[in-house]
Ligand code: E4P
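Form predicted on its own, single chain, as C-alpha cells, below.
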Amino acid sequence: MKFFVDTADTTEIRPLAASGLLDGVTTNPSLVAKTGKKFLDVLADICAIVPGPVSAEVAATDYDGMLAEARVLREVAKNVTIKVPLTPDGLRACRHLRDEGTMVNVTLCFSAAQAILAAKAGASFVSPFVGRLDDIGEHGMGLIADIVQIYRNYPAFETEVLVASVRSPMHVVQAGQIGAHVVTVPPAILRSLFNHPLTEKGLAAFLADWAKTGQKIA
C-alpha cells in the first residue's frame, strides 16, 4: 500500500519524506489556504521535496476552466497530479488530461457508481471520502471494499483506489485489509501508526538492561 500525506505544510512533509515512508502528497484549496502562501509557490516547494505524485486541485468547475488551470498547474513540476471533482465536467476534463499523459486524481467520490465512472474516464486515482461517509451514518470502508472488488473484476481499469478523509489508524489498517492501493492521511495519523504501548515498554526494558552492562557499541 502507498502512503500519501494530506497536507500543504512543507514543515510536516519534509521529515516524513526523509523517513522513506512517503509515496506522495494530496492537497486541496483548504489545506493550501492554511499556509498563507501563494498556491503555485507551495506546490513547487512540495514537488521539490516529494518525487511521487502531488495532487493539486483545480478551482474551476467548468470543463474549459479546469483545463486552463490544469495547464498552469502541470507546468510547475512533472509529478503534479491534477485533482478534479467527480462531476460530468470533471470527468470530461479527466479524459482529456489523461489522453495528454497527465496524471489525474478524481476527488469527492461517495459511491461505487461514481468510482466506475472515474475508472471509465481513465483516472489515475479515485478518492473516496471514508470519514465523511462515516459522519453521516454510512459505511465508508464498505464503499472501499465495493470499489476494490469492482476494479478487480475489470483488469483494463488502471485507476488506483486512494482512500481519503482518513480519521484514524484503523482506517489505514482496514484499507490495507481490503486491498486499497493508496491511503492519504493527515501527518498526525501517519505518525500515530508507530505507536503501541508494548513497543515503548519493550524498548525501555532493553535500554535499561543494556545500560547495566556499561558497554557501548560505538
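We number the residues from 1 along the sequence you see. Only a predicted model underlies this, so the values are computations on that prediction, with no experimental measurement involved.
Heads up, the form predicted together with the named molecule isn't pictured, but that's what we're talking about next.
Asker: Each of Met1, Ser124 and Glu160 near the named molecule in the model of the complex, meaning some heavy atom within 4.5 Å?
Answerer: Answer is no for this spot.
Asker: Would you please decide whether Ala164 lies within 4.5 angstroms of the named molecule in the model of the complex, comparing each non-hydrogen atom pair?
Answerer: Yes, Ala164 sits close enough to the named molecule in the model of the complex that at least one of its heavy atoms falls within 4.5 Å.
Asker: Given that the partner is absent here, does Arg132 sit within 4.5 Å of the named molecule in the model of the complex, heavy atoms only?
Answerer: Yes - in the model of the complex, heavy atoms of Arg132 and the named molecule come within 4.5 Å of each other.
Asker: Using heavy atoms and a 4.5 Å limit, would one call Thr35 a contact residue for the named molecule in the model of the complex?
Answerer: No - in the model of the complex, heavy atoms of Thr35 and the named molecule never come within 4.5 Å of each other.
Asker: Would Gln174 sit within 4.5 Å of the named molecule in the model of the complex, counting heavy atoms only?
Answerer: Answer no; every heavy atom of Gln174 is more than 4.5 Å from the named molecule in the model of the complex.
Asker: Given that the partner is absent here, state which listed stretch (152 to 160, 26 to 34, 64 to 72, 46 to 54) has heavy atoms within 4.5 Å of the named molecule in the model of the complex.
Answerer: Of the stretches listed, the one contacting the partner is 26 to 34.
Asker: Under the 4.5 Å heavy atom criterion, name the residues of 1 to 20 that approach the named molecule in the model of the complex, in sequence order.
Answerer: Contacting residue: only Asp6.
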